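Same chain, two versions here, written out as structure tokens and called structure 1 and structure 2.
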Structure 1
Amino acid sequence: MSRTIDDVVSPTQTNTIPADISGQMLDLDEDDDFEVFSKDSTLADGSMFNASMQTSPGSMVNQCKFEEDEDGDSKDIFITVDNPESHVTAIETFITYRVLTKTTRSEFDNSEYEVRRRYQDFHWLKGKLEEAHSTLIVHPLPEKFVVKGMVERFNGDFIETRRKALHKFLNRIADHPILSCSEDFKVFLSAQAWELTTYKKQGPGFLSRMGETVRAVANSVRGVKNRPEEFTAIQEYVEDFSNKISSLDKVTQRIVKEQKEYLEELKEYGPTYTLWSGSEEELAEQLKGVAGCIERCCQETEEQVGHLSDTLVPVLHEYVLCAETLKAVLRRRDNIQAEFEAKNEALATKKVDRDALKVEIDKLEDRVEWANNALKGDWVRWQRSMRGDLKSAFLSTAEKNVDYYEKCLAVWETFLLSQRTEPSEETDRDNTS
């Protein structure tokens, strides 16, 4: 495969992203053939094993090595998502991102690849990974930016936030000992645009997907009767985590909004003192001094709000989405077990075709065991990543807050020191009077 990918299948106009493209319209409605899975329509019970699924990375032997692999220093694939570009066609405008890959893995034909991918391609990859590995935790994608009743419009800040999230999404997959071995992941990183389009069309047809969905709904309605206690504990933890992280996310976003409003007020506050100094000769020095302090504090506040928006807010919202992903994974695990329990109940009452049913039950039993082991291994991994990410964000925010308040304090202290009258100056004034 070629290292440099021409990602434009039909003639398009390509431009580098300007600082603000909010005036350009973007239609993110995906092609029905491509957008098979989403956060709300993911198969609830996972897919059955099939000939095209790579089973060796997720085998029981590799599950036992799961913890050993993730602690090793043998990283052999490096991915960067950068350089967003706008593409304009006769019917739509969309954004693509450059995906650079460097790897030493033998399954790749080359050591370096450069492709361009749009959001729907990332969405397709996530769906394929969840389809093949229903009880592994696939890192969430950033949400689509949708304003109801309005044409989609993006600005530079939104695109950069999405780019960072897509970069993290791919690198979390690359760091995963099982997901990173997926053939779909390899194709995503290396295929030319037309090759990826052809590859996407090789998936299951609509009726097959509909059948899986109907079966998943049936299992969900039936429910699981004997869920292992460890998964009940995980479910309770996830519910509690979801409530707490959602509250933090909402409050933090509200605080950022209020601080931005405060910053706008502050920007108007300083000039008022400057204007006043022009008509108050005796207080001119003090008024100008206060105006200068406000201006410097305004600069520090702008930097502090920006840091909060770039560091804490994205991480909190990312784990709001992670909580929803975990809930979906737990539902899929329950649905696999529910199907296994239903088959066992059918075997107890059925008088014909018992041999065929026993074979099916044996396969389901293996599937339940694999699903349980996969989820348990990924759960430990996810907790470690979550705690590391949140700890880093909290510490960075705390350090920035200390720095912010220290600088603002220093500004005002300097002003106060400048206004202190020396004893000799007071004596001179008294003698003069």
Structure 2
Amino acid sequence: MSRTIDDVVSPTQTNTIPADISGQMLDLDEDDDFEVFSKDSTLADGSMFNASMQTSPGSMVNQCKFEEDEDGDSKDIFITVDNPESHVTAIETFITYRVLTKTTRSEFDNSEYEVRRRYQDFHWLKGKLEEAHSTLIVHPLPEKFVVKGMVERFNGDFIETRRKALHKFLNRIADHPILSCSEDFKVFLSAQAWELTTYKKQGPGFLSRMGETVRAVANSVRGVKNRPEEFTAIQEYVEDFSNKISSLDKVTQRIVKEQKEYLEELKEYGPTYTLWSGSEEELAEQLKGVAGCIERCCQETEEQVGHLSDTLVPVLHEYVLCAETLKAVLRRRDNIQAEFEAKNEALATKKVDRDALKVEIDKLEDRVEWANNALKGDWVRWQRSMRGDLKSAFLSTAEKNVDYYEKCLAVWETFLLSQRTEPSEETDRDNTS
């Protein structure tokens, strides 16, 4: 256990791991890890937190701490994504978003940062995080392109939906005990545009990335032999979950569509009563009253559809993407194990330098254990987030629907009340004739 995972994956990565601190980490007892690497800010000494710590296997064992860190009290990075602006250059037009960060973490030089980022930059960040933590679950980004419908990239609703998703993306990272310590994340939040460009250009060379990709493909072709039962269970769950959440996404979108079509017809319905009232004397007031009720219900319906589109649809869509992310994470875990298994087999058969191979195999074994633990921990965390997100989205929808019907009820009851007072005039007339 002489090198951390980063060394294995990206040997030429600069400005991350000071070798002496790695050595320090490795000497620590497992029990000490328990406190040192916890997210609980009351115990952690800020200086111990730097980019390298996240990659220590020791911290990965620290699963139980994952479950305690979700309350807002321990949050020490606050990020807002807002203020979309359009930029026009000679070659392209694109949108940038303001990313505002407030933090008390000491590895940040300042406590506040304001930068502008475009979608590309978010995409880059996601890639880097997945690269560095291949078996951690990174919250999905909104899609690069919208395939269905001719939705303009610069349409207001589209931009707003995207902004919200980007906001969530960054905040999810900020809440994550390991991902939030990423140097790439820090740079993303704090660097000026030109600094970021320069920073992006560094990092593992094209060739090493290629190598990794080739290896991954090779491994996936080979397949994993002894996948631990729990990961198979997770995979089965993810398959089912993916199907269910996709169905819910489709159903909800269908509801939105039907509701919008209902609204269109309803908008034409009220005016037919108004038109009729023009031909009547006694009935005119009532007819106009009914027309008014229908119009107000139209307004409520419009609001309800809007709420559905803003609240439930994006969340379901996010989790459709999450399901894909989970599948990818499971695949990557499998690949890591497959690579180890392959090398292990080679040990028995090939006539190579056995010592060198043994060293490599040990590294890969560590890597597997590390990956498994990372995933296990993050899996629990993800499930909790998922439950929380979906519960809150459905709750909000149900609440809004109750509100919608209550408002419509009030509209019609008011009308009815106004009608019930009139009949008394009628009965008087009948009695005297």
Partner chain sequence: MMADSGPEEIAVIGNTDLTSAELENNIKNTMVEIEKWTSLLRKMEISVGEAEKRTGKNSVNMQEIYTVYLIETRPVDAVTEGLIPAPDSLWRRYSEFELLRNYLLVTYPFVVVAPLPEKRAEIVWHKLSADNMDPDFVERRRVGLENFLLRLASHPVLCNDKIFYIFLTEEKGWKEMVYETGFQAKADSRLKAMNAAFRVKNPDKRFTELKHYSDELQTVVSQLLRVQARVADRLYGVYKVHGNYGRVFSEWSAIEKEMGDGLQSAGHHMDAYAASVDDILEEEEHYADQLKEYLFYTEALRAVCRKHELTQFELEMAAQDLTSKKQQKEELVTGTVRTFSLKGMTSKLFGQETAEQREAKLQVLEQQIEEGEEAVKEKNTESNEFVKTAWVDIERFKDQKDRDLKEALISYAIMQISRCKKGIQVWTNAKECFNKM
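A quick note: this is a predicted structure, and the numbers were derived from the prediction, not measured. Each residue is numbered by where it sits in the sequence of structure 1, with counting from 1. Basically, rigid core = biggest C-alpha set you can superpose within 1.5 Å across the two forms.
_Between structure 1 and structure 2, the form predicted in complex with its partner chain_ = Here the form predicted in complex with its partner chain corresponds to structure 2.
_Core-superposed C-alpha of residue 362 shifting 2 Å or more between structures 1 and 2_ = Result for residue 362: no, shift under 2 Å.
*Core aligned, does the CA of residue 283 move at least 2 Å between structures 1 and 2?*
Yes, shifts by 2 Å or more.
*Quote the shift of the Cα of residue 413 between structures 1 and 2 to one decimal place in Å, the two forms being superposed on the rigid core.*
That residue's C-alpha sits 3.5 Å away in the other form.
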